[in-house]
Every structure is written in structure tokens, then in C-alpha cells.
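Heads up, the chain below is alone and in the form predicted on its own; it's given as C-alpha cells.
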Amino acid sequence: MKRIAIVGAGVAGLTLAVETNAVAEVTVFEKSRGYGGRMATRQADSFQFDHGTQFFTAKSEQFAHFLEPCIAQGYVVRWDAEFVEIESGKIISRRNWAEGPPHYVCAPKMNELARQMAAGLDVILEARVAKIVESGSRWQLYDQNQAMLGEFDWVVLSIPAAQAFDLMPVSFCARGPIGQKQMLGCYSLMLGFTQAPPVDWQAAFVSEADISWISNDSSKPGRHGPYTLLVHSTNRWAEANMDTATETVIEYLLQELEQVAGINASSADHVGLHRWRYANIAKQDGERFFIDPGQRLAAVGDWCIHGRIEAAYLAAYELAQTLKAQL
């Protein structure tokens, strides 16, 4: 049986592992302490924040079919939020998501989907793959301390495009196209309150500002902690301020929040910030995954299609079908 190394335990990597686990010996390496990538949840005392992915949808039949058992088991649920659109500091529209297509979240945390997908797989956490070296007909993986992590027939990278470009051997036929993928950064401002601010909506899309999204994370199904707000900067502002001091970013985003939504966060009991260097990518044309059968290398991620959970799943699912034909 062939051995496959998958680098990255986000939705794309875990989808690929689930799809190929029956026909190959699969090992997933993840540099973080948990699964899910940007489907992330952070705990700060009694406050809980989904500081990456806020929700996801299922527009394709394939992804909707994949979600059916997850919904039946209760860890993927609808979030029927009271949703508003804010433009230039004014609410221009309002609706409840219950009246339209489902918007899903995971319960009790956003990373629960990835945790369930990882069950039964060989996933090694806190393992950073720093180098891939060809050895005869196989690939050897090494960590940052030059310790060998194993020897494999195939290596698949399911990490952000820039990281995949840096790690992938120069012999990989699609290394050039991967290097042209431009993923964009984002800041996540996390605010926790023991006394909820006067906000009569639960999710907001913001335009004409340096904030793009505001949500009451504690309103999502399965959450039981005190009131929390999650604020995302725009990708454009984050890119221009990626190396700005944390305190300066927090101060500016708090000012933007008050100006855009009238929310004064001076009474917040918790203020935190997360810097996502690779958070999103515009809709892509072209290849939905990259594979080099001769080199036994591949790369995949939402960045092949669009910065969405569904895109990560579909890209990996399609790569898995092609990869299985090569085994």
C-alpha cells in the first residue's frame, strides 16, 4: 500500500485524507495544536470566539451531501442570524437568515467539523514540515530541527499558497502557478463583555470602511458563554498594515467599530487580536488543484477556487479522485 503525507489539517487536508485513507496509508502533519486551520475557535477565560471562519454555505450538491450526516449528528447547525448591511456607518438593509438559504456554523466550536473529520485518521499535531527531500522513488519529510518525519510515496501540501510555494520542491511542475496565487491577510478583533452592548442584530456586512464584518459570536448555536463580538478588518487594510504594532491595530479597529456601528467597546472585559497573514483569496479561474504524477507531488486548498470552506472541500475532493486513480 502506498504511503501519502498530507501537510496541513484544515478542511482541504482532512478531506483528502478521509477520501484516500481506505486505499493508502495516510499521515497528516499539522504544525498547530489543533485541527481546522481557519475554522478556528479561541477561548479566553469565559469568552469564546470563532476568530477565523464565521459561517459557511453549501451551494454545490456534493458539499451539501457531505454535510448531511454532520447536520444529522448535530455538530453542523444553521445560524439564523439577524443580519444587516452597513454602508458608510448606516444600516441599509436588514433580514433574518432563516428566510433564505442555510448559513452553517459548527457547534459547540467552529473547529468541531475538522475534529470529527480527523477521528480515525493518523494526524500528527505540532509537527512542522520544513523540508521535502527526494530519496530514490520516495520523499523524505524533515522538521525544523532536521529530524526526519517519515518517508512517503506521495506528498500533498494543503497549506496556504505562499507556504506551499516555499516548501514544494523546485521539480514540481506547478510551482510557478502556485507562486502567482495572492492570498490576502485579515485582522480579527475579539471583544468580550459581561454586560452586552445595545446591538439589535447578530451579524453585519460592512462596506465603505476598513472593517468588513461584525458578529455576535455568542449568538451562534451551541454557545453558552457571555456576550462576544468578532470584528474582521478588510483584506485591503490588513495588507497595508500587516506589520503594524498590535496595540496600534487594536486602537484603530476600536475607533472604526464605534464610527461604523456605534459600538463603544470601552466597557469590554476582554480585548484580543489575531493576525491572519493568509486569510482569503478572490475567486480563481483555472486549475482546481495541482498534481504532478511523475514527481508524486500535489497541492490543494481553497486558494485554488475561492476563499471559502466549500471551495476547500471541493478542491480536495476532486484531487482525491484523481489521486486514487494514480495509486
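None of these values were measured; they are calculated from a predicted model. One rule holds for the numbers: they count along the sequence shown, beginning at 1.
If you look for the form predicted together with a small molecule, you will not find it shown, but the lines that follow are about it.
Point to revise | Proximity to the small molecule in the model of the complex (heavy atom, within 4.5 Å), stretch among 66-74, 282-290, 261-269, 295-303 | key: Only one stretch passes the 4.5 Å heavy-atom test: 295-303.
Review point. With the small molecule left out of view, which of A127, V249, A203, M117 would have a heavy atom within 4.5 Å of it in the model of the complex?
Key: Spelling it out, the residue with a heavy atom inside the cut-off is A127.
Review point. Even though the small molecule is not shown here, does T228 get within 4.5 Å of it in the model of the complex, heavy atoms only?
Key: Contact with the small molecule, no.
Review point. So, in the model of the complex, is S32 in contact with the small molecule at a 4.5 angstroms heavy atom limit?
Key: Because a heavy atom of S32 falls inside 4.5 Å of the small molecule in the model of the complex, the answer is yes.
Point to revise | Exercise: N216 in contact with the small molecule in the model of the complex, heavy atom 4.5 Å | key: Result no; N216 lies far from the small molecule in the model of the complex.
Exercise for review: Mark F56 yes when one of its heavy atoms lies within 4.5 Å of a heavy atom of the small molecule in the model of the complex, and no otherwise.
Suggested key: Contact check for F56: yes, within 4.5 Å of the small molecule in the model of the complex.
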